[in-house]
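To begin, one chain is listed below as structure tokens, in the form predicted on its own.
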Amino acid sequence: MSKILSPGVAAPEFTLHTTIDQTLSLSELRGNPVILAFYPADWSPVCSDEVTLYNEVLPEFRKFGANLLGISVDGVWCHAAFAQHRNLHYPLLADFEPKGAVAKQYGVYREKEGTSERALFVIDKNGIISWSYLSPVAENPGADGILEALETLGK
């Protein structure tokens, strides 16, 4: 079982590829809440449902000024095809090489499978984890917990 980072901890900084020649760093989003959605793999049935749900709920996340980032160990070409097929409007980050390095930092890497857990983090505007959730890998965690965490940030 993974040792997921807990609320109150500073979110580890990272820079990951969004495309073959573009990267995104967590620090670039400082000043706004950030949602990190770690998922095991593009194209799997549960992951497909999860990323599609978040795409549909994206306007609600944005009402809180939040940025959503999907993260898996798949590469940028796989992410590009998956995002296009699912018509996603948020970035998928490739935790590809070194494989799972960011998932390991957040305590959500599945060593045996070589994938990440299905895990969610809400990071406040100052870079502190305000909410984290480790979902059973075969279950879509939905968006309710994320929305509740964002509402709490606003109080």
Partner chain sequence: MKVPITVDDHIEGDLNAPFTLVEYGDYECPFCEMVSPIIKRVQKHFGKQLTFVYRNFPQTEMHPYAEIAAEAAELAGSHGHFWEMHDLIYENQEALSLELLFELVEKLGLSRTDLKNTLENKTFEKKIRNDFNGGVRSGVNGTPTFFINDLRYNGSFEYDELISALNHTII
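Please read these numbers as outputs of a predicted model, since none were measured by experiment. Residue numbers count along the first chain shown, from 1.
Missing here is the form predicted in complex with the partner chain; even so, the following discussion is about that form.
Although the partner chain is omitted here, in the model of the complex all of Leu53, Glu56 and Leu147 have a heavy atom within 4.5 Å of it. In the model of the complex, at least one heavy atom of Gly142 sits within 4.5 Å of a heavy atom of the partner chain. In the model of the complex, none of the heavy atoms of Asp124 sits within 4.5 Å of a heavy atom of the partner chain. Although the partner is absent here, Asn87 lies within 4.5 Å of the partner chain in the model of the complex, judged by heavy atoms. In the model of the complex, the partner chain stays beyond 4.5 Å of every heavy atom belonging to Phe96. Shown alone, this chain has one stretch from 28-36, 60-68, 98-106, 114-122 that lies within 4.5 Å of the partner chain in the model of the complex by heavy atoms: 60-68.
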